[in-house]
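Shown here is one chain on its own, the form predicted alone, set out as structure tokens.
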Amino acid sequence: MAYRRSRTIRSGWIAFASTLIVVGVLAALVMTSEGWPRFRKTFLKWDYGWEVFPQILDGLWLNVRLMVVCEIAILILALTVAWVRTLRGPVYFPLRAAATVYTDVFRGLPLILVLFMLGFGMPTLRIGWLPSSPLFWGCTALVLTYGAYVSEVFRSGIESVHPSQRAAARSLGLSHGKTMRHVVVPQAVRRVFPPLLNDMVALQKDTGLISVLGVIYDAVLRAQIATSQTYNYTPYVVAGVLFVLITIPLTRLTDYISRRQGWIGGGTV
């Protein structure tokens, strides 16, 4: 036991020293380069970054709220689509076909194009009962795109449940709907929970893309406005740091759950 502890401590010190050396070498290469003074003035002007920090932080709060609302809608849509694609029988073919087409189309389209088409295209139709808010259509684009990806995650989890589980449930008198709700879906969700968390991390970052619609004052657009006023890019760095500070805890949580469920090997990151 003492030997293993000493080996662990020794490995930790070696990892720390090697990391310190690599970081030091990279820092020396960057800071001794010819363009470093200009780069530092353009991207690392921290007094200006601190000045615009409250505005960007306020915009980040909008990104966080968007992530929460969109994530709930994505999970509902994706689970519905995955369930429809598991239906059997010719009478359900139109539903299965519609779910398949939706999944194929929105997995194939880049998110930026979906944002442009919905954010700029739908309001021009002037359909009275549809909102014209860019925020609404930005959220819709995120939900439709991520819903297609997450539905495949759910479907893989559903199909990974052994058929004997369904057979046992049906032999007990449960209908197909109750079998899915009480037996299959709970097991499927547990199995695909780490990939779902990964998608949530990606969604948090991609909420910044709604800034392309131009009137949604999230963290990225606020950083863009601050940059356009001085032509200094430090606000982008501030926004990037804030996004990283949010995504790293989510990523570590994903790794922890993955190790608990045996998705990845043990050890520390």
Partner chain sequence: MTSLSKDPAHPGAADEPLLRVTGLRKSYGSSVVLRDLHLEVGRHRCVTLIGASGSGKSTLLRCVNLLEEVDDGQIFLDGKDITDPRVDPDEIRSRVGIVFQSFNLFPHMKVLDNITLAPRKVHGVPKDQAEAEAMELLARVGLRDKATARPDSLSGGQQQRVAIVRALVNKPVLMLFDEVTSALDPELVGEVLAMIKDLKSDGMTMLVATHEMGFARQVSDAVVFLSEGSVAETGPPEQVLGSPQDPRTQQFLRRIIEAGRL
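Numbering follows the first chain given and starts at 1. Computed from a predicted structure; not experimentally measured.
One more form of this protein should be noted, the form predicted together with the partner chain, which is absent from this view; the next part is about it.
Exactly one listed residue, out of Ser133, Thr100, Ser160, Gln165, brings a non-hydrogen atom to within 4.5 Å of the partner chain in the predicted bound form: Gln165.
Proximity of Ser171, Val183 and Gln187 to the partner chain in the predicted bound form is complete: all three residues have a non-hydrogen atom within 4.5 angstroms. With the partner chain left out of view, the stretch that reaches within 4.5 Å of it through heavy atoms in the predicted bound form is, among 118-126, 82-90, 150-158, 187-195, 187-195. The closest heavy atom approach of Arg107 to the partner chain in the predicted bound form falls outside 4.5 Å.
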